[in-house]
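Coming up is one lone chain in structure tokens, specifically the form predicted on its own.
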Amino acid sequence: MNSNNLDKKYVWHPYTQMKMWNNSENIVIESGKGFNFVDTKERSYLDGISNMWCNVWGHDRTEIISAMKKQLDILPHSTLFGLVNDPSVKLAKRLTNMVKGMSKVFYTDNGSTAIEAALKIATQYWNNKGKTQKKKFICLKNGYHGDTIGCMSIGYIDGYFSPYKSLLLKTIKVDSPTIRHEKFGRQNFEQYIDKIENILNRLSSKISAFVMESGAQIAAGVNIYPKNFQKEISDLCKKYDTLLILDEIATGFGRLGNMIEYKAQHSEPDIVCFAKALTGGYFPLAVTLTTNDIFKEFLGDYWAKKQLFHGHTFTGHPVGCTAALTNLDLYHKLNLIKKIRGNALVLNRLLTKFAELDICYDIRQKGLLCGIELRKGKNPIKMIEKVPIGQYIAAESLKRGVYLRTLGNIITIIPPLAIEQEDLRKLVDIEHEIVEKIQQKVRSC
């Protein structure tokens, strides 16, 4: 039995209607070469979404692979429960030196677990200070922070999570502007801030933390914040004694053109989370960083039970930490942020041709993040030839040698951060060709 048939028999895929999957002839990936996946029939697919937003260098960066192999020979794994390992110490020092205002690193496995740790840290921080009433979270509507219970609670997207609504924590959700709203002027932007301040003014005695993605919301449809929006929220949190938790899991490490996005946003978090590009996409690893003011509230006598009651089996995994250290060395050695900013300008120019198509309702881009929203008039395009538009675009992309997943009627272009300009042009040209085809079909309906 081949891998495709075995897959259908045994594997349950994420965010996938398995009835449709099991009735399809699916692609089996055998290897990776550069920025491409290669299947069992030796066909190549350019990665248009960074292998779910985490790939930096492509699939064969020998420096990272060699460092991981060497670490496996020395020490495959060592827990941080009562022990220390050298790579986790070195990475923690490296990270705290890179960021601003953070002094402690807590290790987890992925973005969701990093956020869950942040929520527990914030809750226990106030509990340790004797302010047990401060336990609510305020967050932006249409944010996304992961698929675990706490993450779904603060990043609720109805289309994803409605079956689990009964499980979720009650949170305070507020509207957020996007870069598109700047067309309507500063007053519109201030209305969002005024509403947030009104809530904090009334309820800050009960609010533990404000949680938001840093710089942009991706899974909500590539919503890029207007200038100073994040800074003003940061200032409000300071004013109303509310912690600020920033999620840079997908937006940090260069995705928006800045190594540390919150520094570029002139915001001051109390807790910040990183994952995805942290290891270049080569190993599961995430971190939750806190200020020293947060950390010191967890210090006390053993029986006072102020210590953080949270941890994972593979916390501070030495192979993952080694991958991250080597990845960060490459960022510095190859001046990757400069390359990203150059490619962001190229991407911006390439996207101008989409504006000529009637169905391109809006084009949102910052750094190497882009969302192209498709509508007929004011209505989102949902189906093409009786196929959901996201599946149609994904299938058409694969036919042309590109792997891409959309957010419904929003095409997301999220290329590997070190992508070459030739590949970037190929990616954009193919998606433009597909959108032209969709426009012809929409007009003929």
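Remember, it's a predicted structure, so these values are computed and weren't measured experimentally. Numbers for residues come from their place in the sequence shown, where the first is 1.
The protein also exists as the form predicted in complex with a small molecule; that form is not presented, and the subsequent description refers to it.
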| Picking from 260-268, 316-324, 242-250, 355-363, which part of the chain touches the small molecule in the model of the complex when contact means heavy atoms within 4.5 Å? | 242-250
| field | Position in contact with the small molecule when the complex is considered in the model of the complex, options P87, G281, G111, G371, heavy atoms within 4.5 Å | value | G111
| field | Residue contact check: G150 to the small molecule in the model of the complex, 4.5 Å heavy atom | value | no
| field | Distance check, Y144 to the small molecule in the model of the complex, heavy atom within 4.5 Å | value | yes
| Would W57 count as a contact of the small molecule in the model of the complex, using a 4.5 angstroms cut-off between non-hydrogen atoms? | no
| message | I'd like to know whether R255 contacts the small molecule in the model of the complex, with contact meaning heavy atoms within 4.5 angstroms. | response | no
